[in-house]
Each structure stands twice: as structure tokens, then as C-alpha cells.
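Two forms of the same protein chain are encoded below as C-alpha cells; each is given separately, as structure 1 and structure 2.
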Structure 1
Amino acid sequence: MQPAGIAALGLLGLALTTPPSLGQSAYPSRPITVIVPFAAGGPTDIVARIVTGHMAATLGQQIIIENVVGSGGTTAAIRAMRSTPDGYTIMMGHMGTHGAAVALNPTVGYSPSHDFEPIGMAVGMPVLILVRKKLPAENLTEFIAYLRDHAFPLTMAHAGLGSVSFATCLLFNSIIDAHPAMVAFQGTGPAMQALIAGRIDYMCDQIVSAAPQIGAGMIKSFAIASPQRSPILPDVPTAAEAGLEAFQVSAWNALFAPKRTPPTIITQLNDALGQALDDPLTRKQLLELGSEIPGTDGRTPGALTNLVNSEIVKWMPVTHSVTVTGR
């Protein structure tokens, strides 16, 4: 064989034995999709757009938000779980999709602990007890008494089984042993409109959605389920201050990738998330919503793993102890 032929065979052999990763484009080489489990304009959607806006600049690629609604967020989680684990489809999950929903329905179709790779926590979002403006109570104690003693069941709005609004009010009801008529809406936006109109008696919702209506005097809030008052609603007492210390809950939002997404990609995404949460402008936007931004230790994949596991344990007895009713 001529020297040129031998050289060609050598190059061919080298090409065949080169690891595939060396022949692939560096991640990310095209736009990334972030699945959001609720409609545009909701709390999780707003947080996702703020955080991923900065992440896109860090990663050098466009990040597209895909709103996938239905079944209290679990439709989106299943869609994310079934996506190719290549880092180009990830999810902004939350307390509902990766905690309460599975505790409520073990056959939901996915396991938050086993079917996802945790990327990192984005924010904690305080939850408020909200009531219609004309309900005859002026504080949490009076409201609880009215809720327990009213001749007919009061109506509680929520955004679907397993949603944050459903689970957090379920926790509230279980603590005070209340049994309202539960009315489902296609998101907390329509539920909030029903509350403002006086068609619903109460609901639980995240501060980002409720603060404008409280400030405008359209609804009342008797407690925030956080250890301290919120700077954007300083007149709303904590649940402990209002006499219900056991009502402590955070509607956290966090990024997840499908199982078997390469660790190097998870690291890149976590780093981009961290840079977003440390950016002054991004922090300002999130804090103005009432968000609680995790510190460095609280935004690691390991910290998110621990949070998901603890949330499932937390919500299991709550969801199993209450009979879901409706009308």
C-alpha cells in the first residue's frame, strides 16, 4: 500500500475512535426551552421569565418559555420528564408539581425524586390567606371562627388538585379542622377575580399575585405564612403573629431537568442560575415581587434534592387527612 493510502486509513481509524463528545458542539448550541406548568402571567411564569432572562445572556442562547397548563401543573411535569435529557428542555417546577401533587396522587405518572435531575432553587414565594372584602371578619381569629361556625360551608377557590393554591389552603384547613366547599378554577388568576367579585369566600395564593389587590383594598389578607413579615406588605401579620404558628409554607420555584441529563450540563445551568440570582437588577425584580432569594448553599442541586424529599414527606399526611369536596 502506498504511504498516502496508509495515512488515509490512519485518519479514518482516528475518526472512528474519537469520543463522540469531541465531535459535538459545545452546550448550548441552540435555544433552550423552559416548561412552565401554568399560564402566562402567573407567579411561576413571572419568576421563570425574570430568572431565565439573565440565564440566557450567561449561556449565550435564547431561552423560550413554554406554558403547559392542566392538572395542577402535573401535565407540564410529565411533558418535561419525557423530554430528551440533553439540556434543551428543562422545567420551572414548584412546591405543587414536585411535592404536594405526588403526595396527593401517588399514581400521577412521575416521581419528583427519581425522574428529574435537580438544577437549583430559584426563589421561595410567601403564601397569604386571602378573603373577600365584605366577609364579616377583621383578623385571622375572627375569620377562623366564622369559617368553623357558619351554617353553610364557605367556598374555597383553588387552581386544581396539587396546585400551590390547593395544597397550601389544604394545609390551612387541616390545621384549623375546616371543611369548605372547594371550587376549582383554571389558574389562580380566574380564582382571584372570583374572590374580588365576592363569588368565593377565601383562597390561599402567592404574594406576587395577591399584593396588588391587597394594596388596592379589593380583598383582605389576614396572615402571611412566613417567619417574618414581607417588606412589600408590612401591615399583614405573620401566621404566628396572627395566632396560627403551625401555618408555615413556601411556594418555592426551582429548575429541573429530565433524568440522565449530563452532569456537566446541570453544572452549567446551575451556574447560570446562580449568576442570575446574584445579579443586582434580577434580585431587585424578584424582591419587588415579594420573593425570598436563596443563599448560595440553598440553590445547589443537592439542596434541591433534600427539599423535594422533605416536601413529599411533609405533604403526605396533609393530603391524606382531608376529604376533598366540591360543588
Structure 2
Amino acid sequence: MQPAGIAALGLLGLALTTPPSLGQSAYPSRPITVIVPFAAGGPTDIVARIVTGHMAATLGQQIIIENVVGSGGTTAAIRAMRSTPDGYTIMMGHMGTHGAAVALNPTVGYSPSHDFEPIGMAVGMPVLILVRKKLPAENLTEFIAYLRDHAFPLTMAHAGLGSVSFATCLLFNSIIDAHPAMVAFQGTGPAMQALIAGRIDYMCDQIVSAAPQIGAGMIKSFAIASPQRSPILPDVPTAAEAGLEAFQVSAWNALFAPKRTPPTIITQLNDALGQALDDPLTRKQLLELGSEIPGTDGRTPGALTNLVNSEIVKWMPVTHSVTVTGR
């Protein structure tokens, strides 16, 4: 046998005997892109930057946030679904992109269970009713009366059909029989700026972007749609305390990879996510913004699959019981 043939056999032998663990350490060998389905400055963007900031250190690679906006976050989901399943493109999804949007629109273009691998849940996220500072109401009862009896429709901001702000205020509006003029934004980051400027009357948004504005007196909040008040907003009553017990909703953010991403990579990403959620500084940042950090049982890919499936079932009646005008 020629020397080259002997060398080739040697390499083949080495390849066959190389323990798979060596191959695993090759990931990540270049920067990872995390697609955020909404504009910068919104709750999903805020959480993604905090959590992936620590993940980058654990993984030893730069993590690049790419804001891909449109269609309530579903444009980004389709982009992530179609990306190469190699662990270098993942997305920060949420209750809207992988729950309400799927329930609202059967032709959304993807199915979480069929087109994504769950990596793990990042945070739970209370939702609040937010109104512009000068709106003439001082509590939820007065606001509902103003919203119902006003001569012309008030304006409600949302981040696209199926987004958290859309789905949760859809439920709020259906409970109180309100029919606002709906105004879509590329995320509740820009929507918040419109609310602060008084160009929008109200919206339902997640605590991490609302809390600083409420604390600064830039907007008002009449209720948090959770069973308990938030420790960072002790003066905001629960919806039940404010007289609207039926309005119980919450959001969450979670990482997803395209289907067929290798299980070893999913495990590495899930481990890096868990280390971020256990890091004292990262926890402090997330908790100070009012988000809720899942325990270890709630962070597994299996737990995320169960959550996604239950959310789609939960939102189906809401999104289909209300005629979506999208005005």
C-alpha cells in the first residue's frame, strides 16, 4: 500500500476513534446571532440583551442581537425557522410568537413543535394596563367608564397581531366590551414612546419596559394582570383588586432554535441559559425590572414544549372569540 493510502487509513482511524466530546467543544467557534422579533428597547429586546450578555461569557463567543421586526414577531420566527440548524442562529421568542400568534392565525407559517427546538425559558413577565399620563381617569373603574363612554374610539397601541400587547389587550377589550382604534408598532419600545408623548391613549405591556416609566411618572398604570402585586410596583393593584378579576394574563420569554439543531448544541445553550439565570448580577437586573426567573424545573426544553402547547390551547378561545378588526 502506498504511503498516502496508509496516511488516509490513519486519519480515518483517528476520525472513527475521536471521542464525540472533542467535536462538541468545537461549538461555538464563531459568534452566535440571537434574533429578537421586535424593535430595540422593548421588553423582549431588554431581556434578550441581559440574558445573552452572560451567555456569551459562558459560551466564550460573542452573541449578536439582531432585531427583525414585523407581523407581531412572526416575520422573525419564520426567519429563525429557516436558518441553518447549526446553533449559530437562535431566537428569543415569547408568549406571542410561540403562543397567541399561532392560536390567532392558523396560517402563521410555522408550528412551534414542528419547526423549532425549545432551548429553555428565560423569564416570566407580568402584564400591566398602561395609560397616558394626562388621560382623565385615576383608577381602572374610571378608565373603563371613559373608554366605554367616550364619544370617539380611544387609541390602543400594540406590536402586531399575536404580539403580547395585542393578545392581552384583546382580552381586556373583550371583557369590558371596548372597541378602540388599534395602532400597530414594530414593538412596544416605540409604542411606549408614543404613550409617553400622549399620542396613544393606552396599551397592555410587559413590566420590564413599563416599570421605569411608571416609576418616573411618565405614564400611569391601573392594574397588573397577575394574582399578586409586583414587588417593584407595590402601589399598582392587581386586576382583581381593581375590580376586573377576569383579566388574568402573563407573558414569558424563551429561547428557540430551528428544528434539527443538534441535541448537544441545544444542551450547551440550555446550560449557558441556566448559568445566566443563576448569575447573581443577571438575576438582580432581571428581578429589578419585575420579571420572574423560572426554577431549574421550569428551564428545561421539555418544560418549554409543555408551556408552548398549553399557551396555544389557552389563547385559541380568546383570539377566535373576538372579531379582529386590526383598525
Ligand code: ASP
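Quick note, the numbers are simply positions in structure 1, starting from 1. Superpose the two forms; the largest set of C-alphas matching within 1.5 Å is the rigid core. Everything quoted here is computed from the prediction, not taken from an experiment.
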The same chain appears twice here, once per structure, so which copy is the form predicted in complex with this ligand? 2
Relative rotation of the two rigid parts between the two structures, taken as the smaller one's turn in degrees: 13
Could you state, for a rigid core superposition, the Cα shift of A197 between the two structures in Å? 4.6
What is the Cα shift of A246 between the two structures once the core is superposed, in angstrom? 3.3
